[in-house]
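Same chain, two forms, each on its own as structure tokens: structure 1, then structure 2.
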Structure 1
């Protein structure tokens, strides 16, 4: 009998999966009605499959034309109490759903409950989920903090709101600081934390957080980390020297850096597909070449960057097909390209 039951549940699951993969939600829902019923027979199996049931039910609800928030909450609550192992996961997903529905307060409450939930020894993934719950709770604190700040500007009743804000800030900062210690991508958290710190003029802390985020080797090489640092320094009005130090390629050309470096950078940019038709880049390349022409040893400087590209730049930028297309679609680009083309293919 057990065998037969297992066989049935397996077939049933197969059907559900098949229907869902073909986006036949209604059919899947019909099978899904039977599936947990069959599982009820054996408690163990039900426990083993609770994540499966949870996920499938939620996905089906997503695609049911008139599913309501209560339905979601119902499933989530039931699943939370069925399995301690997935409690945190379910809490997080449930709060996400609330956030997407715009119910920030409820989501925050839910996360707070999740935060204080303890059961036995937590595994590594549970630990990370717990950390995320804390971080998201802090993020919601920040969102509320933003709201308060918005009202702060409008109303005159400063002191109470201000105190409120500060308590939210304190709540948020504890856990945000915590999560920045773990390597990862924390863009939204960093941005919100830095904004709050800036509001309270804690620039040291902000700079430290941003520097750590950008330069810690254990973190993945996130370009945004440098962007945040740069934007922060720019806002703070830091010196050009400091700025260029953090700068990535893009912004550097406007600054009066070493002209040789600038030439290299512009050429590098033109290597990439996305800048090949940018007039601005070609214009600056022309400017640089013009400036070089007036210098003394311009030929040496030019050949240093030109030489390695000699064998493939003509095919990349200056074929007759390019010329034909440019003259048709973008005559200005052709004009800008022409002097550079002379350098690369002097004979033609």
Structure 2
């Protein structure tokens, strides 16, 4: 009976996926009514598939013409109560939908609840989501601050509006300072915070935030960080020498990032046997490695892509059989593969 139930559950899910793949949203929704019911017979299986149910349900609502905000909220609330492990993730995405619908205060209130939510030991994933919730709550303080700023000249009592604005600035400031202690890519949050600091003429803090974001080695290399710093310095009338220095660093980071991205794409292609004998792909890989060799920290960049493949790439590309076959059928391919083989099979 259990096997039969699992079989019908799997078939039901396959039908849902097939219908969604071909944009038959109504058909998928009809199957989706039965899918959770089939899972309810097994608590373990239901727990394992909570996020799948949630994701599919929300995706279907996106494509149903009569979907209402209430429908989204009902699904989000139900999933939060059914799965504590995904509570924060659901709360964050529910807030995004409220933002899209212009429900800024409601979204902020929801994030405030999520920020104070605690259940058992916090996992690494939950910790990251909690930080995002804190960051987006602060971003909404900025959005409300902007609305107040926009109406500042249109109100009879500017002092009241100004005090309200400052209150939202303080709330955002406290949380964003805390967020920026965590290395990461915080572009929209940085820009928002700097705008508020500039409004209050706190240029010392704005410059410190932008310098830390651009030059702190614990943060990932980010060309945008240097763009933000350049734009700020230009607004402040900085010298050409200072501006040029920032742009040079930005260019170096962007160049390194482009090479790293190209390396990842080419090696992803060579993960598949269908590209194994393509000369152009191996030629591109050699060119990229050559460019990396001329830069600083090139071994670190290369190892990030090579290490996960060291266990299986030699068997895919660099066996004695491959060498003999390439030597006989395609000597140029053998020549192109040789420098890469030294990286994956040193000493052989």
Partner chain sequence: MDYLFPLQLFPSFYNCGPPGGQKHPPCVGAWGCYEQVRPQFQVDSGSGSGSGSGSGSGCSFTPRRQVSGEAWHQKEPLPLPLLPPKPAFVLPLKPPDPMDFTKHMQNFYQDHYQDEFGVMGGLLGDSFYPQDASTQASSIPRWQLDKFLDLLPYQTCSRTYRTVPVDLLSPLLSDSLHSVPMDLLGSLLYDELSEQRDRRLFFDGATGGALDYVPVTEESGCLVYPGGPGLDRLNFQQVEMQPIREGGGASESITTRKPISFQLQGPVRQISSSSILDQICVVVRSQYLCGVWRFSQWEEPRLLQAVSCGQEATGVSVSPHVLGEVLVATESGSVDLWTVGRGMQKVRADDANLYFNAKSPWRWCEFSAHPRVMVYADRTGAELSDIRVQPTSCHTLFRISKASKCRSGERLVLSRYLRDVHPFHHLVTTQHSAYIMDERFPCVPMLKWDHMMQSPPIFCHILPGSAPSAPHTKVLLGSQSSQEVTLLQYSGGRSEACSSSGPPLVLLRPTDSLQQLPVQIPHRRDSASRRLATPAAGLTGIQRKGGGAQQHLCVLQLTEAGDIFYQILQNDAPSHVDETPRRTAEEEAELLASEPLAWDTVSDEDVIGPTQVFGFVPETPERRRPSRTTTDSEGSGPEGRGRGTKVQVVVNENPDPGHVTSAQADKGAGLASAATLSDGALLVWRRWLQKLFLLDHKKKKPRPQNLPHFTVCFNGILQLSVKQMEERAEQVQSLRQRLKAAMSERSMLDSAPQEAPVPLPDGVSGELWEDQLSRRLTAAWEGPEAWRSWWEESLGLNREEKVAALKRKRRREKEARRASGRRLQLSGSFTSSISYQSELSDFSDSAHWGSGRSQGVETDVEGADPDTEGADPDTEGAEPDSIPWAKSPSGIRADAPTPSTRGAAKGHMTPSRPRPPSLTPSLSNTPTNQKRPRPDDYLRSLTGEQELSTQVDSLFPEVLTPPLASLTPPMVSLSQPVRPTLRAGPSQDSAPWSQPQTHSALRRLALAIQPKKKKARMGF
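Residue numbers count along the first chain shown, from 1. By rigid core we mean the largest C-alpha set that fits within 1.5 Å across both forms. For clarity, every value in this text was computed on a predicted model and none was experimentally measured.
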query: Correct structure when looking for the form predicted in complex with the partner chain; finding: 1
query: Did residue 275 shift 2 Å or more between the two structures, C-alpha, core superposed; finding: yes
query: Rigid core superposition, residue 70 Cα moves 2 angstroms or more between the two structures; finding: no
query: Large Cα move at residue 316 between the two structures, threshold 2 Å, rigid core; finding: yes
query: Core superposition result - C-alpha of residue 21, shift between the two structures, Å; finding: 2.4
query: Inter-form CA displacement between the two structures at residue 337 - rigid core frame, Å; finding: 38.6
